[in-house]
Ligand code: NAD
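The chain below stands alone and is given as structure tokens, in the form predicted alone.
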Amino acid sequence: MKIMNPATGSLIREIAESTPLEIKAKFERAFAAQGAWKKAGLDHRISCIQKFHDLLEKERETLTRDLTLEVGKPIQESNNELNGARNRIRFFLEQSKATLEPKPVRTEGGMKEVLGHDPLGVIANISAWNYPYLVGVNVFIPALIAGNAVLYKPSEFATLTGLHIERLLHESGIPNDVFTAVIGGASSGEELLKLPLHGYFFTGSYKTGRSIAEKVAHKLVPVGLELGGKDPLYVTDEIADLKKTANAVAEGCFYNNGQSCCAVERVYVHARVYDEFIRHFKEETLSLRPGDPTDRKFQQGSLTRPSQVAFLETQIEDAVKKGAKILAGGKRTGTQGAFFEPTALIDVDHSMQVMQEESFGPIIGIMKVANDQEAIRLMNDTEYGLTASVYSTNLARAESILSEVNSGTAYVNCCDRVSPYLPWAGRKNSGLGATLSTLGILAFTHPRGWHIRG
């Protein structure tokens, strides 16, 4: 498998893919090792994860460099991702013991009732390329702490990072067979689906997530799907600083080149503030410069998948053909690599692909609305339900609007953020189950009810 630099089109290195026989052998070794890992105890498992947390900081320079080289994000964003991953790990370190230890819930006469939690067993973590550290730690950290063994398949677009994760976990004391990387593309993922695993956890597109759920449904094991979004944002007419709001919205649209499941993908603006918002948004969008992601003077890196460039061009062509106007950007840039200008479209409507299909790139449609009711109707006009945002100085109004939008996460005067203290859960085509929060710890366990007499 060739690991390519999307910013230059050059080969970084070649890595052998895991063969079907190797993948089966990895599972068999994981199955044999999981029982001892469970018996090692919660305190020991937590101490290993603490060491992993510390090694991420110790090797920061190498980790951020390789992340930027293989996915194309600016070096500062790679640093930010590592910071975010360590923050989430700290949450799991702080919360796992209280969440997982047996809890007496009732005592009556000579009977004591206790709620316990057992690990699932051996799970598959089929991870994503856009935030390989952030979306990875959502799964493999709580899974390992709970006593599971993990077959971890990093995205083929983030293989170097996946191998770094495997190496550092082993250096932290996680047994080699308890956490094992499966290297390859879609065919390697398909091999995992054939194995008698005890849980499947996937981050990626709705199409692939649905296929995974259908193929493993007969096994009756837990399936967690963290899928995409077409995340809406509404700017009301009660705004204290419209320029500041426009800049914040632009960051929500274009951070990591919009390659985030919770990136803002549709913007609705109240008619009373529309013209001024558009002026500020255009100015901010034009200030973002794509270029060499290892050079800190550029705010935008390369798209990770070169094929996405043509997809964005198709969305823009469709929108313009149906009456949209390009406010800023609109085309690929540079003589090499998968660079695309941050792009804003106006005069859009919901007949256009850009307002219905997940873009997963630096492109946004902005639509004028007459009132809150129209905004709510349009925000709900989607097959997805991951996040939704409202900007307003009237907090009661913002919360009332969001209470009518079907999304797993609601943002008031912010967007495109994730907290480990709150569950990350999609609705409709945005996913199944939850990661993060204490719910995201318990997701990797089976509950056990203990009835103890005497």
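These numbers come from a predicted model, not from an experiment. Don't overthink the numbering: it's just position in the shown sequence, from 1.
There is another form of the same protein, the form predicted in complex with the ligand; it is not shown, and what comes next is about it.
Novice: Work out which of the listed stretches, 275-283, 364-372, 311-319, 123-131, brings a heavy atom within 4.5 angstroms of the ligand in the predicted complex.
Specialist: Checking each option against the 4.5 Å cut-off leaves 123-131.
Novice: Since only the chain is shown here, I'm wondering whether Gly189 would be in contact with the ligand in the predicted complex (any heavy atom pair within 4.5 Å).
Specialist: Close contact exists here: in the predicted complex, Gly189 approaches the ligand to within 4.5 Å, heavy atoms only.
Novice: My question is simply whether Arg305 lines the interface with the ligand in the predicted complex - judged by any non-hydrogen atom within 4.5 Å.
Specialist: Residue-level check for Arg305: yes, a contact with the ligand.
Novice: Heavy atoms within 4.5 Å of the ligand in the predicted complex: does Leu386 have any?
Specialist: Yes, Leu386 sits close enough to the ligand in the predicted complex that at least one of its heavy atoms falls within 4.5 Å.
Novice: Please tell me whether any heavy atom belonging to Phe52 falls inside 4.5 Å of a heavy atom of the ligand, as the geometry stands in the predicted complex.
Specialist: Outside the cut-off, so no.
Novice: Of the residues Ile239, Leu195, Leu168, Leu227, which one places a heavy atom within 4.5 Å of the ligand in the predicted complex?
Specialist: For this set of options, the contacting one is Leu227.
Novice: Thr294, Ser205, Asn380, Asn80: which sits within 4.5 Å of the ligand in the predicted complex by any heavy atom?
Specialist: Checking each option against the ligand in the predicted complex, the one that comes within 4.5 Å is Ser205.
Novice: Do all of His117, Tyr421 and Ala434 end up near the ligand in the predicted complex, with near meaning a heavy atom within 4.5 Å?
Specialist: No: none of His117, Tyr421 and Ala434 comes within 4.5 Å of the ligand in the predicted complex.
Novice: Just give me the residues of 69-85, first to last, that have a heavy atom within 4.5 Å of the ligand in the predicted complex.
Specialist: None of them.
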